[in-house]
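The structure tokens that follow cover one protein chain in two forms, given apart as structure 1 and structure 2.
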Structure 1
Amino acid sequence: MRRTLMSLPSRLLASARQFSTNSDKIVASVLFERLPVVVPKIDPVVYAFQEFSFRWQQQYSRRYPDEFLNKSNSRAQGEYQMEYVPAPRITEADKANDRKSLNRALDRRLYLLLYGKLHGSSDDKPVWHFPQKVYDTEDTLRKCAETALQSVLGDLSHTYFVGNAPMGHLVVQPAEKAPDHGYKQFFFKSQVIATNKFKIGKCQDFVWVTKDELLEFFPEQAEFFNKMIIS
């Protein structure tokens, strides 16, 4: 009796997959992001507070003798002394507004968007979308998301998936002309690791965009993405 009860859920799951309709379709999408490369600029209010705190602490800080400070300065000067020249925040890709380059918006996060036919869609019209795949025979939804990203990049050697659970869930309602094309979309976060260039394929076009730019591509879901993408 116990063996029969334990095998019941698996049979129900197989039955549900067999008789599922297109409206129950599940799609795994990947929010593939490049983290900031440089420290973001400090907000003027935060900078003013830090400046005030520093000057306030200086009033009560202990002053070191001049002899000690002179010795410290002399130690810093030698044949191994190097001059630090900060790299420019504005790159050539920023000036040219090259959205295919990862070498732009260095103090912001960038997200990958693809232009082409949606995977598993019966509509041949190309649209902007995330790397995604219809959930089929994969063991988990994350495996499905990994397959979706791998099909675009070729391999996952320079990627890192953050966690096993999706970061967001969106129910896409079917259109009036296609009432059976609704689906449930689960988003997984993945990050760029140790590279600044990818060979992206299986799409007509692609862009790396900031959060503000991303919202312009999806005006109808802008509120949802604004809440899901924190930074």
Structure 2
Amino acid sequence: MRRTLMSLPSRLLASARQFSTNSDKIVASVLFERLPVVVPKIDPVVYAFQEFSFRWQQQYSRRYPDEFLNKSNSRAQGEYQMEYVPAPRITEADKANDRKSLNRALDRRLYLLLYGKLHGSSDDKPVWHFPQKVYDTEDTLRKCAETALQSVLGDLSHTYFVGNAPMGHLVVQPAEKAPDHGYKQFFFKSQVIATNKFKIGKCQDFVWVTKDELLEFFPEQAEFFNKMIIS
């Protein structure tokens, strides 16, 4: 009897402790990504095989006379004369390593990171974080994420949120100093649509980083981000 009486309150306490850290706060954060603008580089082995197979097929394909193929008709009629010099794939922002510009790694994805104060445990120290907002009383968590991004960008005309569901979650354990400040962080995916420059407000600093640089910013959660972000 005593044992059961003793065990009951401890169980209640334990469950109470679980509730206090888990159901307390839900934070919706946004992974704002700029999709690649340029086709990725081709592996030299793949290029070599394609070139070889093209030449090998050329060896065995028949050569037909030009009049039969109507070569003169198929040539495109020059409607208007224009000079086309293709833009280089490595831009000046690449060479200068300017992390604030969106023109940087054009064949990779870029993600937005902000530097500022979080609502969370240590209110005085600014920290690198994703745009986020604590969930209050909106309809869905996606709307909460949208307001978070709106507060940073100003308006959402050049964003596209992918789906209603989050793409991953992190359970942030409470620190020793502030035992109540544990929360669950849910990541929402949204993409940049049709623009080159953004006015990022509401923070001290911001960067657009590739996946490798992102892993440098978050060394403890590197494994988690490795799985969540593909490239």
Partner chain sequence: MFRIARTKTLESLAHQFVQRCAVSGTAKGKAKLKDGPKKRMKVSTKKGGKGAVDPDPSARPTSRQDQEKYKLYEQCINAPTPVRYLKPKDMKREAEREKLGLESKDRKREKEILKKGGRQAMGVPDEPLMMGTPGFDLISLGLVDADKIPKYELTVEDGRRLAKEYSRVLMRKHRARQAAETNLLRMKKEAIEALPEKLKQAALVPDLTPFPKERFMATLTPPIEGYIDKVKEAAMRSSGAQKIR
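Please read all numbers here as calculations on a predicted model, not as lab measurements. Residues are numbered by position in structure 1's sequence, first residue being 1. Here, rigid core means the biggest group of C-alpha atoms that superpose within 1.5 Å across both forms.
Matching the description of the form predicted on its own is structure 1; structure 2 comes from elsewhere. Here P44 exhibits a Cα shift of 2.8 Å between structures 1 and 2, evaluated on the superposed rigid core. For R62, the displacement of the CA atom between structures 1 and 2, after superposition on the rigid core, amounts to 5.3 Å.
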